[in-house]
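A single chain comes next, written as structure tokens; it is the form predicted on its own.
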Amino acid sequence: MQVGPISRRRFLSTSAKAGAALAMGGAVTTFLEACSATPNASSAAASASGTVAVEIDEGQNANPFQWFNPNMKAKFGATTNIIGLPFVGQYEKIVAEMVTRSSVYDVLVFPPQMLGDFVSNGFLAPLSELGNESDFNLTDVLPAYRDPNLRRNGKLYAAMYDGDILQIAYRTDIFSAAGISQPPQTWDDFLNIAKELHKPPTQYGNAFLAQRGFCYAWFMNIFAALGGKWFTADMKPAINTDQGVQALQMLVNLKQYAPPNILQIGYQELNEAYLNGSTAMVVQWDDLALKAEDPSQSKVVGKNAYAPCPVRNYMPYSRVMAVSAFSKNQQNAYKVIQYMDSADVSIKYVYDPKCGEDPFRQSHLDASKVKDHLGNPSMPAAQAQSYVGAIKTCLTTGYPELSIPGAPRYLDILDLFVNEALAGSLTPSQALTQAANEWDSITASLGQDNQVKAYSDWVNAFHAAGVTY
């Protein structure tokens, strides 16, 4: 994952454009309307084109498509051409193409937070109308990722590519030297350990992603542990509660025991803060563990253990694959998605330290399968057991990422104000109050009744998957 800075001016501009495009209603046609003028045109085009254009956030996350290109060419005669988009701004760039019914993308790879918008605006072709749901072995997909991430209105629109969750990585040698026998069990415990192990400039107690673009997730991770919820049943924001203020204040307090450049720390910088040996513990996406045990990337190989976050674990981002409703190559796009999602192929990349994808199938959760795409063990056996065990525990207490119409805009607003609180421009209470006011405006623009139903359906999907919320 790669997260870059984004200015308030740029955010407000791009969000306004995307929001206006998605609010046009009739100007964005449905999949059936888009295809009605030329029935079967997509199928005809698919047989003529062996290149499938794959939109994905650029960098390491595109690597698996490249690794398995020769296999796909041999298996069904198609290869992929990667169209890399920036991590921050991906949503706006996809929308800018899709509202014009552009066929530039065949496969779309994006976080499920965008699925609600994309389905409601007819951007995606239902996979069940292009093939059989049995092609995706859905019973093996972990329930927390399955229907909540892949279905809308009873139809299968996407397949998994990456299952994300936040977890703790910590230095066993530093903990042991300080007489600390276990990872933190509460956020107060986390703060106290960070304070005890903070010995700048050679050792920092903790680090987290505080850079504008995705810092809201680290707030939500604490908010989840305190029992917070996104909204009330009638779509009133629930972030500006006592739980929200307490969670954001905790994050602000953790700044004291973090590297001095904490506001510049994004995904890559957070990895580096741990991999270079300067930080005792971090909360990060679970692919960090694979990099921590890779001698080509890490100075702390064999000195690590992995644990769930206190109380609950937030599940930010993840990635799913879908077929563009406007692709002229839909059948080959479908084949690429089915191939990359399959248990036999996905197990070859979800434990590779050279990409950012993480387990999403029950069959992935086997420590003996922690290998790179060439079949080589990607961490020592003891660390593999710790890593997979932490993921299993994390998933039992996973807290859902928002995935309703408007979710990217709700999350960007939250991120903006969390960042301002971390920068000291606003108090936690002021930041969350202003974010909540903006959320009310987004809900009003999308229709209060529509959002109440979408939120209820989304919550019910998680309840059906056994996720407490």
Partner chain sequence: MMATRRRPSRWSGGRRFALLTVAPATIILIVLSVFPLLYSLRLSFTDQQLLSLVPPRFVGLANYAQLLQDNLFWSSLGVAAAFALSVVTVQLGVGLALALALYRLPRYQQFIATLLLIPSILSSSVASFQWRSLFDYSSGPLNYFLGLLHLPLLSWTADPRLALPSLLLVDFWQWTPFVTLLLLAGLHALPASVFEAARVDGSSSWQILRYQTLPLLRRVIAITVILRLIGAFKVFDIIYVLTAGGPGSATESLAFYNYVQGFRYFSVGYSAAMSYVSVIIVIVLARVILRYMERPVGRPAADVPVAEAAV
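Values in this document were obtained by computation on a predicted structure and should not be read as measured data. Numbering follows the first chain given and starts at 1.
Heads up, the form predicted together with its partner chain isn't pictured, but that's what we're talking about next.
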Counting only heavy atoms and a 4.5 Å cut-off, does its partner chain in the predicted complex sit next to every one of Asp352, Lys354 and Ala382? no
Can you tell me which of 186 to 194, 113 to 121, 126 to 134, 166 to 174 lies within 4.5 Å of its partner chain in the predicted complex, counting heavy atoms only? 113 to 121
Determine whether any heavy atom of Arg152 comes within 4.5 Å of a heavy atom of its partner chain in the predicted complex, and answer yes or no. no
Look up in the predicted complex whether Glu272 has a non-hydrogen atom within 4.5 angstroms of its partner chain, and give yes or no. yes
Does Ala178 reach its partner chain in the predicted complex if we count a contact as any heavy atom within 4.5 Å? no
Just checking whether Gln264 would be counted as a contact of its partner chain in the predicted complex - the rule being heavy atoms within 4.5 angstroms. yes
Answer key, its partner chain contact in the predicted complex at 4.5 Å (heavy atoms) among Leu416, Leu402, Ala436, Ala62: the residue is Leu416
Selected contact from Tyr91, Phe326, Phe208, Trp285, since only one has a non-hydrogen atom within 4.5 angstroms of its partner chain in the predicted complex: Tyr91
Near its partner chain in the predicted complex, with a heavy atom at 4.5 Å or closer, the residues from 192 to 215 are Arg212
